[in-house]
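Shown here is one chain on its own, the form predicted on its own, set out as structure tokens.
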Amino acid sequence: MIAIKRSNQFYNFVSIAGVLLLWQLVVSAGLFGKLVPSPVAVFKEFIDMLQNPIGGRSLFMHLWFSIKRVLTAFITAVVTGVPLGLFMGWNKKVDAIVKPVFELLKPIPPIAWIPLAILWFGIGETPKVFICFVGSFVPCVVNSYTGMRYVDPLLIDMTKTFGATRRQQFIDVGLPASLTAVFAGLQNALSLGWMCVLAAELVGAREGVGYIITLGMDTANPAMIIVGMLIIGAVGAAIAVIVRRIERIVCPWKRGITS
């Protein structure tokens, strides 16, 4: 097992090193002129951003604003979307009532809600969190619903033979059996939340990683733009790792698969 992990770490290193090398070769060949900075230039820009404030705030403060918005929206989406999806998948009446409305709203991209969010909530924190919530809410509901709908009917029938109540069937069978799909939805919800916070911060924000990217565009500084993009990717990946760790604790039967 240790040998496999070391092998995977080696391949991860080779993958990243290969991308950086290819990036440097493309820049050195001048294929995109000055539009694409080299990895060294991006690293120097990152160091400069660490040492000097951006728009009156440090890089960590901008990062904290984005993380706070995403996590606030994500937690709200989990608390509301996961139970809704589970109950839709478990109860046919709830499904019949909620599903038509949800199916109508689900295809609408979160970015399309930005004009309404600004009209409803102004240009403060609330519209930014709302846009992230819309993006995170949908996968929470969809995956929870799918997980509950695909619970093995034989398991339910077996609990009935032992006299389990409907509530016991839901808690002891339906909920554990759907957890894998629920956590897959949480992964997607986090990814979409980070994509949405970028879009939300591009409109009227004075702080956050999206603001850094906008500032890089306004000042014609592609290195700053790429630093902002890489920060979003790195933080999103780190949060996804945390979610996977929690999944391995909550769903111990998956450890042999995910390890």
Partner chain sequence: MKALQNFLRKNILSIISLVVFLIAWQIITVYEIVPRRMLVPPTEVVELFFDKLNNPDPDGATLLAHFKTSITLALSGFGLAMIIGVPLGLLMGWYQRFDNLVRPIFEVMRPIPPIAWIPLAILWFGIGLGAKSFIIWLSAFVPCVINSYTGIKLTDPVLVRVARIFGATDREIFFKIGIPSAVPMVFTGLRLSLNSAWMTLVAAELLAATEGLGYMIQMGRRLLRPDIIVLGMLTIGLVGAILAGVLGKIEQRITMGRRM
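Numbering follows the first chain given and starts at 1. Quick caveat, the model's predicted, so the values are computed rather than measured.
A second form of this protein, the form predicted in complex with the partner chain, is not displayed here; the remarks below concern that form.
**Q** Establish, in the model of the complex, whether Pro83, Leu186 and Leu190 all lie within 4.5 Å of the partner chain, using non-hydrogen atoms for the distance.
**A** So, no: the whole triplet misses the partner chain.
**Q** The chain here is shown without the partner chain. Which stretch in 214 to 222, 53 to 61, 38 to 46, 66 to 74 comes within 4.5 angstroms of it in the model of the complex, by heavy atom distance?
**A** The contacting stretch is 214 to 222.
**Q** Does the partner chain get within 4.5 angstroms of any non-hydrogen atom of Ile226 in the model of the complex?
**A** Yes - in the model of the complex, heavy atoms of Ile226 and the partner chain come within 4.5 Å of each other.
**Q** So, Ile232 and the partner chain: in the model of the complex, are they within 4.5 Å at any heavy atom pair?
**A** Yes, Ile232 sits close enough to the partner chain in the model of the complex that at least one of its heavy atoms falls within 4.5 Å.
**Q** Is Ala237 one of the residues lying within 4.5 Å of the partner chain in the model of the complex, judged by heavy atom distances?
**A** Ala237 belongs to the contact set for the partner chain.
**Q** Indicate whether the partner chain has at least one heavy atom within 4.5 Å of a heavy atom of Val101 in the model of the complex.
**A** Val101: yes, in contact with the partner chain in the model of the complex.
**Q** So which bits of 193 to 212 sit within 4.5 Å of the partner chain in the model of the complex, heavy atoms only?
**A** Contacts from 193 to 212: Met195, Leu198, Ala199, Leu202, Val203.
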